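Take a look at this single chain in structure tokens; it is the form predicted alone.
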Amino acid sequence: MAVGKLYERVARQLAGQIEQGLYRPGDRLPGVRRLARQFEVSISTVVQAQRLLEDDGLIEARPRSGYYVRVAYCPRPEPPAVSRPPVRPVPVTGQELVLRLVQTANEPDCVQLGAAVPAPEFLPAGAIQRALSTAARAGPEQLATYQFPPGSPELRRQIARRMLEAGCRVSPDDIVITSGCQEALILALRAVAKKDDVVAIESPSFYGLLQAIESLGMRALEIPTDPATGMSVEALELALEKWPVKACVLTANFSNPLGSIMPPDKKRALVALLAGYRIPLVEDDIYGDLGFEDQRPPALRAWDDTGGVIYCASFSKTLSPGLRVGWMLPGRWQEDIEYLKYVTSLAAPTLSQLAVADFLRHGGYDRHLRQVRSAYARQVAVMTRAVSKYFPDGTRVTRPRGGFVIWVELPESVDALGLCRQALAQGVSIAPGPIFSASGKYRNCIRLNCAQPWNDTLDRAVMTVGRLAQL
């Protein structure tokens, strides 16, 4: 293991001990030799970890005395409680605000805390540019043709190899390439349900999924969700006994907006429950590669032996949103989804498919993931500390173990929609809670995008939102 990777891991563990209260503001950290023994690393690794924590503002050096937890350090806020949505099917409405939210991502003068789009600094732009150049030289016979469903054979081979990391043994023939994960979700819903059908979802849930349900005329059934461990399997089972659910859609690994991750036993129970009811499970695993730990968590698809899980993912959050390259494992709906993909958009972009295949083939993806996982862990920690510093007393914040968004629950007196409008007027975009709910819940909640380089501008933006929330 590279030293850089090791000292960042030690720094994260030390930061976690500080946030858990093991070391309080003003406390002296153990000496470097003791920490080296504790973490079973070299003294130089501990020194590098301490310098990283000092740069992040968690600790400070005192001459001839060692490192201390900064007195000005704000402990991490408590996480929100388990959500309690009204468990009844409702039509999805009121998603018009989302378009305005995502459009701000293209406004250079607006600080982007709303749309979950990584800043260019967190994406391998140079490597992607080189991969695109290589793909462009592939020859006219490839570039001048559609890559009709199921998509580029080489890209599907590379994805099949990567799916082993998620615990899934699949053939390239099992994979369908799509234009991003959003198209994959829509194709999956179209294949398994129809207008007025009931779809069970997490609460809160990704607004893109709500838009898909709305556009297809289906009804959403929000299921109570734990901000740490995801959808309640017990609550889902009760809902299945009461309502005619035709599909269940969720993100088991680092959900958006909560950042929750289902434990393996809960994943197994969920897959078994839905298989028993013969209800399709649509898995959105777009953040699965962005866990803060070394080992990638398994997908729900890893426990599927009946073809009842439709797996959806893309490279939009890891490589580039603009490439629009996603993929699906359609399970027993393979033929239906290949046809739906064809009649919807003919094919995914050829050049993008060839470029991503080249990037994966030469190992660039794994190198990038090793760097960006640590970067996102730090960004989430820094953003959480800023929220703790600037936001009103009583604010609660999720504790994601992957991805790059946090869910902030403000005091009940705060109106997130009004706060969003006020923040936009000040040049800051945030995502208000109600757009993550079919029933309009979470009116005092917001989601913040942490995938932005931390600087004075970003610090002032968070301070501005916190100040507006206290008015």
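Keep in mind that this is a model prediction, so the values were computed, not measured. Sequential numbering from 1, following the sequence displayed.
One more form of this protein exists, namely the form predicted together with a small molecule; it is left out here, but the text below deals with it.
Interface residue remark: S316 is counted as part of the site for the small molecule in the model of the complex, having a heavy atom within 4.5 Å. In the model of the complex, the small molecule stays beyond 4.5 Å of every heavy atom belonging to L274.
None of the heavy atoms of F122 is located within 4.5 Å of the small molecule in the model of the complex. Interface residue remark: Q182 is counted as part of the site for the small molecule in the model of the complex, having a heavy atom within 4.5 Å. With the partner omitted here, the residue from F391, F359, Y376, F206 that has a non-hydrogen atom within 4.5 angstroms of the small molecule in the model of the complex is F206. Residue-level contacts in the model of the complex: of A188, L258, I286, I223, one residue has a heavy atom within 4.5 Å of the small molecule, and it is I286. Only one segment in the set 378 to 386, 278 to 286, 359 to 367, 145 to 153 has residues whose heavy atoms sit within 4.5 Å of the small molecule in the model of the complex; it is 278 to 286.
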